[in-house]
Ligand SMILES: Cc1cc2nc3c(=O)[nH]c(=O)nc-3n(C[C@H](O)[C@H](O)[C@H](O)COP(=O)(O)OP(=O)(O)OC[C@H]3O[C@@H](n4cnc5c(N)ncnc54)[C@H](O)[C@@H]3O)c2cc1C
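Just the one chain here, laid out as structure tokens, in the form predicted on its own.
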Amino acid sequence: MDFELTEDQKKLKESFAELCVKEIAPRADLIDRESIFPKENILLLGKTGFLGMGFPEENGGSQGDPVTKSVLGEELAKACAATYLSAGASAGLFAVPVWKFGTEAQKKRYLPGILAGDKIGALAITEPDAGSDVLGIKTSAQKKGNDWIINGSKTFITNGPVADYYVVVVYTDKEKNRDGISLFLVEQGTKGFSRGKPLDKLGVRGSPTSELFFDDCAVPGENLLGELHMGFYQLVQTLTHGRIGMAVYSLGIAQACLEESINYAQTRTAFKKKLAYFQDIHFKIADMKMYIDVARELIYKAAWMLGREDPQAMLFASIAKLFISEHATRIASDAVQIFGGYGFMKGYKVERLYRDAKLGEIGEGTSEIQRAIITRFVEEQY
């Protein structure tokens, strides 16, 4: 077993980290404070090849593997969680199912713009009465001639207010339950489709989220993504990618909290001593380091398994996401505690990180859903 990054990965990480520090991180506070969609950052990520990493070159992709993308993703999430989230929803949650299940015509139409950062994508699953319960969705599509007529609504959709393209999850045969779900590609501007205003969120405020509405929205038959009634199983594969991505999101935030805490403890004085001299501060930082390093190895293993198309990748994606998302929330809380009153003030990075961290326990399947997935694998094994 080799736990060392390759020389190419190390060099790529170093150059990408420098880019994030110089170009991405300085905009993060303004993006958060003013709820600005980071389109400029996403375009930059497209130019660097980050968005297209691992996708076929003929579709606008670039060389790379899931482990390398995780390594770089940590640097991006550390610099600006909002940019990471919106980029991942577009070049991950939208682009992955198009790449995996789309026709050649669909790949040619949708992937190049998304992977270049020129276009924005979104995956629409969640509804007002169906979050973790995917089978509880009510949005449906009925065949009418050569078209499918979609009716229903979605909510909490990342990139919802700004996306050009959407993968929409619907029932095409409700009575078949999971065997009656299908995916459709819907473009902004389609008659019968509309989107709500950005929702006012606790964190990652630069990554906009909204409702979507479908009122007799007609999409052509060629907009069916993958096989009819196979949408649930296509989602399972897509969300394995997404859960590794969300674990990287939490990892980047946690690493940023650790670095901020160390720097502050080495400069802040209390009782005529630097905070770094106090044992309780030592223990908080030691715990941060421990959880972050363990999580990083879990994520790399899950990403490595994904690259090998190992069936167990789904299990390890859930383990990695569950472990680091819950610990990132605690790490962010400890970082605020180390900063004391300053940590509670706007303008201090740990205050933003504290708000951003919680989403890791909710997005791409809550902690409870991850535990259910892990338990199912354990029961099948034993």
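Sequential numbering from 1, following the sequence displayed. All values derive from a computational prediction rather than experimental measurement.
The same protein has a further form, the form predicted in complex with this ligand, not shown here; the description that follows concerns it.
**Q** Tell me, please, which stretch of 255-263, 102-110, 281-289, 131-139 lies within 4.5 angstroms of this ligand in the model of the complex when heavy atoms are compared?
**A** Heavy atoms within 4.5 Å of this ligand in the model of the complex occur in 131-139.
**Q** Does this ligand get within 4.5 angstroms of any non-hydrogen atom of Glu18 in the model of the complex?
**A** Answer no; every heavy atom of Glu18 is more than 4.5 Å from this ligand in the model of the complex.
**Q** Answer yes if any heavy atom of Ile362 is within 4.5 Å of a heavy atom of this ligand in the model of the complex; otherwise answer no.
**A** Contact check for Ile362: yes, within 4.5 Å of this ligand in the model of the complex.
**Q** Contact between Lys201 and this ligand in the model of the complex at 4.5 Å, heavy atoms?
**A** Within the cut-off, so yes.
**Q** Indicate whether Ile244 is a 4.5 Å heavy atom neighbour of this ligand in the model of the complex.
**A** Looking in the model of the complex, residue contacts with this ligand do not include Ile244, since no heavy atom lies within 4.5 Å.
**Q** Which of these residues, Ile150, Leu224, Ile125, Val71, gets a heavy atom within 4.5 Å of this ligand in the model of the complex?
**A** Comparing distances to this ligand in the model of the complex, the residue within 4.5 Å is Ile125.
**Q** Within 4.5 Å, heavy atoms only, which of Tyr300, Tyr171, Tyr165, Phe156 is in contact with this ligand in the model of the complex?
**A** It is Phe156 that has a heavy atom within 4.5 Å of the partner.
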